[in-house]
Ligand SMILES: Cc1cc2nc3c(=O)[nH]c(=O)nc-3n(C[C@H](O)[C@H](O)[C@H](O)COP(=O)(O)OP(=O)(O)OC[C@H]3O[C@@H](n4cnc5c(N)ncnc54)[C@H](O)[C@@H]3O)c2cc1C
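Only one chain is shown below, in structure tokens, and it's the form predicted on its own.
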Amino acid sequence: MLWGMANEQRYDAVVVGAGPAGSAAARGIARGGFRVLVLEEHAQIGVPLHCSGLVTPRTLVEAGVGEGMIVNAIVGAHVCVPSGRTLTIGNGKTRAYVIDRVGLDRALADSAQQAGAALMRGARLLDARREHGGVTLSIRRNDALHTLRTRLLIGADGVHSRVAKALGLSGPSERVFGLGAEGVLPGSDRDHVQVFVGNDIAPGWFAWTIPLGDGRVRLGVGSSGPLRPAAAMRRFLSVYAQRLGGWEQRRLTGGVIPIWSRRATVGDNVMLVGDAAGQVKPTSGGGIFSGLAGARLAAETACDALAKDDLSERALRAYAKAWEKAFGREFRRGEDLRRLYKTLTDEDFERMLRIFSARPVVALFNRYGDIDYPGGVFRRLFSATPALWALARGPLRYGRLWR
């Protein structure tokens, strides 16, 4: 017998977290005719903001939202190494969009509700435990404790997933700590992002600016080393004081990026999606597209499992297999590239800039570059540019970049 007391609130699926992946998963399951509840711990959807909002056109298609979400179009990037030298890539073709990131969350939450899912704001998951063939949830809302019951629990609650912890699924093996801001940068390039590499300002990661238009930018820095994000931001603004001259900060954001690693994303009566599942590219920390695709695949598996009343790990593993088929090779390539990236010295960054500045190499970037699938262009670059192997020092020699 699945259900307990008659006065308990009962659902076929409860999704914890109303970010893009959570709302997309809820939407898909609700469209299958099942009773779905989304729990969001914050009072407002999309707040606080933890994402720079740079996505590809295919991301908007996956999300099912229109062009009204677009703030600016991006055609290329300026990559800056510690000496100040810069490489520009891009051929005028739109590569990405800067979007209204809060608006995306709200649009997806609205679409989940339109599909039939219920949304409960200000609800914090305290505990989850398997009982009687389902999951019993303890939540706090409006200073009161509530108990819910569900056949399936979906964790879309980010890097510190309470769902994963409560039901015995492991967290990410590596985290990058980031600090971002939105403000005004006079004279900033309207349609190119800037990427700054260097172990002094962003050890193990990078810094960036993303133009919003009219001189407004999103600016940030990440670190996977001992340098704290606030210290990294101060160094970044100091080292590039001339390039970032006139910067006026208007809003500060921050967050933790869960770098992808191979780990379980399903168990009996539980699935993880988005950041909670670590569906984040090891190369750039981007996870909106892969998380949305993961949510769609999770919803397909969930609908099948709910219809068959089989919520076992074995049945739900179809979702993990589908995600592996769609993204596994790309993310394993990214894992190899990340392993290499963390070995690079500032002198290596300078050497790579010289190599990448060659016209044939820039042409490869411009032809095959894809921020959702960066592994493909790097595979071609290593094939066409033997000098890059001198920088590998082992991390790629026995890796999966070629496969």
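Don't overthink the numbering: it's just position in the shown sequence, from 1. Just so it is clear, the structure is predicted and the values come from calculations on it, not from any experiment.
In what follows, reference is made to the form predicted in complex with the named molecule, a form of this protein that is not presented.
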Exercise. Specify the contacting stretch among 40-48, 334-342, 352-360, 65-73, defined as having any heavy atom within 4.5 Å of the named molecule in the model of the complex.
Key: 40-48
Practice problem: Name the residue from P82, G285, G90, G204 that puts a heavy atom within 4.5 Å of the named molecule in the model of the complex. | Solution: G285
Practice problem: Answer with one of G158, P172, G134, P211: the residue that has a non-hydrogen atom within 4.5 Å of the named molecule in the model of the complex. | Solution: G158
Quiz item: So in the model of the complex, does G369 come within 4.5 Å of the named molecule, heavy atom to heavy atom?
Solution: no
Quiz item: Taking heavy atoms only, is G32 within 4.5 angstroms of the named molecule in the model of the complex?
Solution: no
Quiz prompt | is_contact(R151, the named molecule) in the model of the complex, heavy atom dist at most 4.5 Å | solution = no
Practice problem: Determine whether any heavy atom of G294 comes within 4.5 Å of a heavy atom of the named molecule in the model of the complex, and answer yes or no. | Solution: no
Quiz item: Looking at the named molecule in the model of the complex, which residues in 90-120 have at least one heavy atom within 4.5 Å of it?
Solution: R101
